[in-house]
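Below are two forms of the same protein chain, given as structure tokens: structure 1, then structure 2.
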Structure 1
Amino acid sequence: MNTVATLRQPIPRRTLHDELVDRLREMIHVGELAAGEKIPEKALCEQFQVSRTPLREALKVLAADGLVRLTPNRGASVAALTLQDLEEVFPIIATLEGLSGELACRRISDPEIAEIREMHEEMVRRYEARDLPEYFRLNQAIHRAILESAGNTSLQSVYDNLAGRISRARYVANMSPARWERAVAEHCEILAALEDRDGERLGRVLREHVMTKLATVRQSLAEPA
């Protein structure tokens, strides 16, 4: 799978806005648009075969998520990851994910668990193939499926308002081989607790899983470039 080639394909007109947001977000996640870098709007318009207006609307969405910084008269740039932001948001996300796990175990159906298991097994295959972008997509889909299985729209709304601010950090946290291996092991624990419908255990594992990512990102930010 050639992720960069996929990102460079023309945008289908029927889903223009969502496709633009998703592709720009993915380019930031994988580092094709690097932190602190000015976003080349003209080049992206040519690459995606779109006008400036939909591109700028997509950038506004990413700015609201904390991935892009909009500066008057200077355009858009990729927001830098700051330790202060991560220290503030990660513990909240960990608490929300833990709560979603506890609630999900009370109401999740067998077919929903089976679907999550399928995603998990495919995620492991992507890990074995060292396909980080697809691994990360499936990883986040699993977290999202557990969140939605909790059946609490208020919880989802609060989560969504914060998750964008740390999504890139969660991607970076899986970059080292040792951390990536550990993340897969943690996801095996998540699946086991979910299949046992052990809400207390799943909540604890999810909280620890998220906070371990914070420790990894904290370490990577402290390392010299």
Structure 2
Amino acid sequence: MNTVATLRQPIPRRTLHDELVDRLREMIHVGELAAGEKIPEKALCEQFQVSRTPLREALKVLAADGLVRLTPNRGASVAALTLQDLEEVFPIIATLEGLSGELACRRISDPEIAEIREMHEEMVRRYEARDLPEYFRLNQAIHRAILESAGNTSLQSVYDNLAGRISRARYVANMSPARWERAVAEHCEILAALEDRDGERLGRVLREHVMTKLATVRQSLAEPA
């Protein structure tokens, strides 16, 4: 059934550089390419079995995204995020998430709200079960759903780019029980504002929620690993 429909669709193409952008991004996110480290161009070409051209093109893109630093004649390294970087980027992300909340309230449908409520309730159950990875996944899905409900693809794109820069820091930050409880409370407020379609309140709560996360990350960085 599905196969017949697929056969009559355009054949998707993907350039090597595009594929490499995604792979390198993921490698940075999971720490396989560590912050501050030189990017081993030759080794990566061998690993991926591609020539240097598409890999270098991919690195240019990642540099434009801020994930990678290019130094002329010295190659590329993974951008090392300082606390200063985080202090700069989080307010921007907070502001953009606030905007996405405001825009979402103008156009979100009842089924979309219901879906977010479902995810929220499951997330709370994961919290109560102390299942952090699944809680984290659902948490991200809720933020993603709100962003998509905003219906602004440019906002999604800008947000994704910035979020990609700090994804590693967010991923490894430890959350204390008190902060976790607070985060859940904030999410209840997010859902309430969303159900009321109160854009201003949702925008404010989302901004505060993200800035709370910055405090978590900041504290995590201050502790010895």
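For numbering, take structure 1's sequence and count from 1. Each form is matched to the other, and the largest set of C-alpha atoms that superpose within 1.5 Å is called the rigid core. Every value quoted in this text rests on a predicted model; they were computed, and no experiment measured them.
Label of the structure corresponding to the form predicted alone: Answer is structure 1, the other one does not fit.
Given a two-rigid-part description of the chain, what is the rotation angle of the smaller part between structure 1 and structure 2, in degrees? After superposing the larger part, the smaller part appears rotated by 25 degrees.
Give the C-alpha shift of Gly36 between structure 1 and structure 2, in Å, after superposing the two forms on their rigid core. Displacement of the alpha carbon, after core fit: 8.5 Å.
Fitting the two forms on their rigid core, what distance in Å separates the Cα positions of Asp65 between structure 1 and structure 2? Taking the core as reference, the C-alpha of Asp65 is shifted 7.9 Å.
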